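First comes one chain, alone, set out as structure tokens in the form predicted alone.
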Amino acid sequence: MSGLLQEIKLFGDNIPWLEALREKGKEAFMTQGLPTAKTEAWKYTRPRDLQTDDFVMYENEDTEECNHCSCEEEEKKDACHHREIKNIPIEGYEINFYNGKLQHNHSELPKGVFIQSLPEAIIYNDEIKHYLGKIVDINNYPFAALNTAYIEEGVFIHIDKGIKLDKPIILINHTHSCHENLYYNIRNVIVAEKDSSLEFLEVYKYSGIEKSRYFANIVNEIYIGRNAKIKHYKLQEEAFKAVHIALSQVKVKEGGEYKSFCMQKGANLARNETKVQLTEEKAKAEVNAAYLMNGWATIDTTTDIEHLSPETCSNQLVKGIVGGDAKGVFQGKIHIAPDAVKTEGHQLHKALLLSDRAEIDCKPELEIYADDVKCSHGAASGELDAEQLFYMRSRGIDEDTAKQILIEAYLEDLFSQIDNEQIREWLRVSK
């Protein structure tokens, strides 16, 4: 644990409310420590790699050139200084991070749309105090507590009442191996006011030395006002020795809608966790995900949907494809509060096992404390259909191509629910 608590100088160490928030995060993390086999929420996903003391958090530095490399390989040195950031082939308003550090962006934004770096918002925008750290339960989420202890990098996105954004906001974090055992935290706050709507795409990409090892710790706080809508997409494609842990905490008011899709296919250990609170009547959530993995990776998809008011609705569909010695984890919880009558909550998890050594751990949960509700959950796992494979091979299709066709068909109902055509087709290709 000591390797993750480091003495570095942070922005705003002279701002009392910010320092108090950081101190609460540090205390909460020290109280909980890293999850163990006895930590129920982490019983299937144990972050052993984070128990070492060799992760390094770097203070803000000149973003034009990397002067802190410990690289000895010439190919690594050359790649470091180029710092090439590849654009995503989707039209939108881009926000770029490099190794967890926000780069300067100059995109022109429509009226009523505000994007500030977190430090800018803390200094110049008092409104951030109403949102930052207000809905994340740091006493039960140790990595969110750790993220809170080091709040510095991130963005504040605010959409005014009635504004409907015409293009998605695209947040791209490019990690490169110019730092050994890099460790960084990113905190994003997204607010959609009444009757507004936006699409938000997160992309986590890696380039550099193949065996690079690093730890990315991400927290999103998302506030959805009355009758507002947020569509949230994510692609996690980190290095195969990396650790990626992310929590999206979402609060939805009356008539608001949160729709998300996350595809994970990278990292040695990855956990994408989504907690949604449907706090007022007729709030809705749709939380879908896919994970594709091989090798020795562990990829965890965890969801927690809280129905706290009447006539709220949620749907979850998660599908996994696991090969090699990899391990897939799904934990999904639906909670129906005592007053949340006429509520609907549905959850389904399916997985394909592509080898005899692949593993799936699934833990669906329903907690229902109200009458007059409609709830369901289901889980299934299996292999590719041998008869279908035989049929395609008898028609001259080689085995690898036949398997790929079946996998694409298996995922199609997930991709078909992505409303943005550009994002849908790009994610299809990315898989």
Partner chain sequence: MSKTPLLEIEDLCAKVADKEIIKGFNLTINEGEIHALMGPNGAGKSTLSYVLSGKQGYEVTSGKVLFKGKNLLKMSTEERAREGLFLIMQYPVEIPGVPVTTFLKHSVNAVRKHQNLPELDTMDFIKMVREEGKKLGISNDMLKRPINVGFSGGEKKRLETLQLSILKPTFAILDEADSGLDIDALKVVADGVNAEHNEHNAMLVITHYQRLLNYIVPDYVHVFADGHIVQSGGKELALELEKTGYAQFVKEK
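The structure presented is a predicted model; accordingly, all values stated were derived computationally and were not measured. Residue numbers count along the first chain shown, from 1.
Not pictured, yet referred to below: the form predicted together with the partner chain.
- Of the listed positions (Glu59, Asp371, Glu367, Asp398), a single one reaches within 4.5 angstroms of the partner chain by any non-hydrogen atom in the predicted bound form, namely Asp398.
- The partner is absent here; in the predicted bound form, the one residue of Ala41, Cys375, Leu406, Leu34 having a heavy atom within 4.5 Å of the partner chain is Leu406.
- In the predicted bound form, the partner chain sits within 4.5 Å of a heavy atom of Gln388.
- Contact check for Thr52: every heavy atom lies farther than 4.5 Å from the partner chain in the predicted bound form.
- A residue is said to contact a partner when one of its heavy atoms sits within 4.5 Å of a partner heavy atom; Arg48 fails this definition for the partner chain in the predicted bound form, lying far away.
- In the predicted bound form, no heavy atom of Met30 sits within 4.5 Å of the partner chain.
- You can rule out all but one of 22 to 30, 375 to 383, 358 to 366, 389 to 397: in the predicted bound form, only 389 to 397 has residues with a heavy atom within 4.5 Å of the partner chain.
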